[in-house]
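First, one chain by itself in structure tokens, the form predicted alone.
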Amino acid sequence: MSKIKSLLNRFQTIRQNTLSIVEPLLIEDFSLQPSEEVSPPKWHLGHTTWFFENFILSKYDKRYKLFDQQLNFIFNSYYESQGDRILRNKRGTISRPTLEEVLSYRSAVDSSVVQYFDQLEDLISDEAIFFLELGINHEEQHQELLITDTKYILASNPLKPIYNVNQEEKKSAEIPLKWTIIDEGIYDIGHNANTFSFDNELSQHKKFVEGFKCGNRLINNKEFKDFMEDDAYSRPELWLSEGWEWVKKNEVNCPLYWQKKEENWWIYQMNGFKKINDLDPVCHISFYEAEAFARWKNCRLLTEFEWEVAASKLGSLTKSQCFSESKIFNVYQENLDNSFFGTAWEWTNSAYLPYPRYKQEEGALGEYNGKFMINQMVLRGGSCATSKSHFRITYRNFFHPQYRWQFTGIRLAKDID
């Protein structure tokens, strides 16, 4: 099978997977935006379609006519080079076009993409093929955002509606916290293969890493409750200055989605409100909380370089964790037999910065990752909502340190005495 045929098959599968994610939603759910970092499901459906229309059909298919010029304005996310756009915090105001119209837009663009690549296979430029592969990976990123945004939207409803009532429950096994020594050395960091990667994973370079001890698993709910019960949210000495201001301003005293009823802690999950399982990995915490917990334990977070080295050495040698939302998304994976992927994103103590010899592309490609390399922290691994194809040790996720709506957790490190 040619590369184009293979990509088209994957394109059609990925586009259908997105529709499967939103299938349990009611029409009233599709336009809600309870927080600025969260986008309405309808917007995700439109934006991922705009990506293929704008960067492939409009640019390379000379016969193509835009489905609707207004949609270019509504569904452009942050690409200044591609024209005007609405502010991110205004995405929830888009009551029109209707969901039906957005789905028609999606179907029309899908048909045009398949027709273009199928009929002109021998004449397709390498650049157009690259944008098709990038668009597929971009849609997979938005599928993860669709899941986490939907969870936040439903949790913001006072009735706490259920996304998937038939979710299969999984129980976490007790895994003792152990430490493995990673020897100091000069290691290759970054992507260097003939497979797809995002530009922020390039270029591969040498990095000297001091020896360190790495935890074999993520911190669980019981351990985080111990942190809370030691009045950690009231002790400024445990927090970075910005983190302490964040705690006070937002009156934070527990992870996102937690609620105390009488003597027990409960958590909102997409199959309902559940009593917290102590052995589940703690999830939906900010970088500030992860860093404060590590300080409380007389430990620290890994740097992203330490994480990459540890994942390459230990990932398949240590037991994976799971929690009850791990199988909620039927188009996604069960936990892999690798303790560094498939449970929760792991905050690192590394700022999101370019690698050596990183060159930001001109035009729209340069806006994909490069312009966000400021005031954000790197996360590594992947969560239960991450596409399996994105599980690679070089993948760099990044968010502002206060954000908690992604599936984010903690892995600890120690210096060698």
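Sequential numbering from 1, following the sequence displayed. The model shown is predicted, which means the values in this text are computed figures rather than measured ones.
The form predicted in complex with another copy of the chain is left out here; the points below concern that form.
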Inset, instruction - With another copy of the chain left out here, work out from 307-315, 255-263, 155-163, 272-280 which stretch has heavy atoms within 4.5 Å of it in the predicted bound form. - result: 155-163
Legend entry - another copy of the chain contact at Leu240 in the predicted bound form, heavy atom, 4.5 Å: yes
Legend entry - Exercise: Met377 in contact with another copy of the chain in the predicted bound form, heavy atom 4.5 Å: yes
Inset, instruction - Report whether the minimum heavy atom distance between Ile86 and another copy of the chain in the predicted bound form is within 4.5 Å. - result: yes
Inset, instruction - Evaluate Arg96 for contact with another copy of the chain in the predicted bound form, applying a 4.5 angstroms cut-off between non-hydrogen atoms, and reply yes or no. - result: yes
Legend entry - All of Ser31, Ile186 and His400 within 4.5 Å of another copy of the chain in the predicted bound form, heavy atom check: yes
Legend entry - Residues from 254-270 in contact with another copy of the chain (non-hydrogen atom within 4.5 Å) in the predicted bound form: none
